[in-house]
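Given as structure tokens, the chain that follows is alone and in the form predicted on its own.
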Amino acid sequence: MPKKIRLGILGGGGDSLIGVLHRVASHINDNYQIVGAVFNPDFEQNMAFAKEIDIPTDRIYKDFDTLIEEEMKLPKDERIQVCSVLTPNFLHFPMAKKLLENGFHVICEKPMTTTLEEAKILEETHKKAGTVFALTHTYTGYPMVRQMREMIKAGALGKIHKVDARYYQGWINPIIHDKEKRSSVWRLDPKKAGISSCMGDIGVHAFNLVEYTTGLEVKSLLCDFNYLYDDNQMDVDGTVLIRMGEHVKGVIRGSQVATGEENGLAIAIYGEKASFRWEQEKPNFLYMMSDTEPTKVYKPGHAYNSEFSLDGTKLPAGHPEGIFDSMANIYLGAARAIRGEEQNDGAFPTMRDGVRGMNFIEATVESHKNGNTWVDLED
């Protein structure tokens, strides 16, 4: 077993769901050891949390700049090798940029930045740095998503006709109808979240899943948002028509006010020979449908699956795996890249996915503001 990769964590303290998800995922395949962190901007809370989860406190720093400064003083074989950026959106760009400039590998939450311009700057920084950058579009790590990708690549659907992706949640519903509450949530604050809430937070996952599974890129889109209240500056619901080619069309639907919905990410891809359907809340089932045969159900852990799917499956068939395992597969891909090992080109979302995501988010906002017009995405 290779020596564990030294991991630093930025953000994700307290009861943060993202924090738990990343910490557990980093441990699942025994590739990482957390050696330093800034979990919280309040230093006392930061230290208390480190003690709570039993992380040595000698490298728990008061702020991000201090972490960089002190880690760079250490010998290369002792300092943090890769940092996970789990902070609110507006901090992703400055933190990732400084980490790359100082030779660190980066694992970053999405959206990668708050603007497309920042994403392009970060892309150039990354090219100069030559280090690994992984963007945690978590759902690309599910074995059945990877199975779908490999089968589409092999021609299982033939020519693709239509794509239908949705991501429905209801968590903002209790907040959005209270003026005081909606004014105090960072995801509804453009200074912290960026220009979009719904599409920036969850719609971009659906967009990424469309491009990841089909191997096609969205060429243009038309978007219609719902803000619900005039004083709310951020979209909480939206529908996006997409064109992926002259005869390849689709729709991406996102909502944070879909009452009663939990984490309803789903995708259906329709081709000339067959179609696939997958739902995140039932991740072990990949449905393949056709006009001439009964519906087939693919499940993880079976020998009939692709090598890529099986590589991301940790348990025997019939043992449910979930979002921790999915994120763990992205961490596994990043670990292999850091060590210079060969692997599938879909092992983890890259800087390219981050730039594409920001292009999508800005295009949806532009389309809506222009009166629901078609907007081209950059190549």
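Sequential numbering from 1, following the sequence displayed. Take the two forms, superpose them, and find the largest set of C-alpha atoms that agree within 1.5 Å; that set is the rigid core. Please read these numbers as outputs of a predicted model, since none were measured by experiment.
What follows is about the form predicted in complex with another copy of the chain, which we do not show.
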property	result
Which of 187-195, 122-130, 170-178, 67-75 sits within 4.5 Å of another copy of the chain in the predicted complex, heavy atom basis	170-178
Selected contact from D201, E118, D237, E109, since only one has a non-hydrogen atom within 4.5 angstroms of another copy of the chain in the predicted complex	D237
Any non-hydrogen atom of N226 within 4.5 angstroms of another copy of the chain in the predicted complex	yes
E293, heavy atom within 4.5 angstroms of another copy of the chain in the predicted complex	yes
R166 within 4.5 Å of another copy of the chain in the predicted complex, heavy atoms	yes
Touches another copy of the chain in the predicted complex: G271 (any heavy atom, 4.5 Å)	yes
Heavy atom distance at most 4.5 Å to another copy of the chain in the predicted complex, all of L216, R356 and K369	no
Sequence-ordered residues of 253-286 touching another copy of the chain in the predicted complex, heavy atom within 4.5 Å	R253, G254, S255, V257, A258, T259, G260, E261, E262, N263, Y270, G271, E272, K273, A274, S275, R277, Q280, E281, K282, P283, F285
Per-residue C-alpha change between the shown form and the other one, D230, threshold 2 Å, rigid core fit	yes
